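Presented as structure tokens, the chain that follows is alone, the form predicted on its own.
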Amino acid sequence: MSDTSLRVVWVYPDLLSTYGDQGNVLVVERRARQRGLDVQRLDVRSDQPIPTSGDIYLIGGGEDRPQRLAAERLLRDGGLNRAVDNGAIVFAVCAGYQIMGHEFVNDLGERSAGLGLLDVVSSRGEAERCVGDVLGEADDQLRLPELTGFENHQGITHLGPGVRPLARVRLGNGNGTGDGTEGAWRDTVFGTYLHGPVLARNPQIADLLIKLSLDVNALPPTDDTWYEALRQERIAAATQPA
């Protein structure tokens, strides 16, 4: 890509776009434009082919049946895997996160194949749903501040040796395995259970995606007053005594 343009692809908004996850696309767009980048956004519905020339691909959460349909269509299409092979960045949330792994349990109670872009396997927990605020310390390699988000899932995601946790939770459940991990990442592919939308609560993640796409170590500073106010509000609300 050129150093002044960014191609952002919102994958299957007709199937995977719950809990305001479309806000992640808006945050990436805005923060890129604040740095003088020309953003080309493409919303790709589930009956359309996935382009392989995008720079950042964003995928949201969804209910169980739409998740199964999305995984089946992404597997048949193959475009997202080819895009990653070309160096594209992927950021997936909740149901989208599970699809990035090797397999997950679908709405029929069967194991569905994922895309294998992350070395994770997801199942369905027997306990109550994981619902509520999450606070977590991001992986040191990502150089991000404390992460804040909202989880609403019954999934349990086990990480394999080919990935690192996105964060270690100090509040909330995250991957649901009891080991304190939340999300997973490898190279240019990221997955998380956090809604919020998570990039509005943590704009530094959006900046990380942009930096990876541009292959730069830093971006010009921008006014983070609104974002930081939201972050601190949500962190304070999460840590207030019940």
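One-based numbering along the sequence shown. None of these values were measured; they are calculated from a predicted model.
There is another form of the same protein, the form predicted together with ligand GLN; it is not shown, and what comes next is about it.
In the predicted bound form, every residue of the candidate spot (Glu63, Arg129 and Gln154) has a heavy atom lying within 4.5 Å of ligand GLN. Tyr19 belongs to the set of residues with a heavy atom inside 4.5 Å of ligand GLN in the predicted bound form. Ligand GLN is not drawn, but in the predicted bound form it has no heavy atom within 4.5 Å of Asn202. Although the partner is absent from this view, Ala95 contacts ligand GLN in the predicted bound form, with a non-hydrogen atom inside 4.5 angstroms.
Contact annotation: Gln67 falls within 4.5 Å of ligand GLN in the predicted bound form, judged by heavy atom distances. The stretch in contact with ligand GLN in the predicted bound form, judged by heavy atoms within 4.5 Å, is 87-95, chosen from 133-141, 158-166, 70-78, 87-95.
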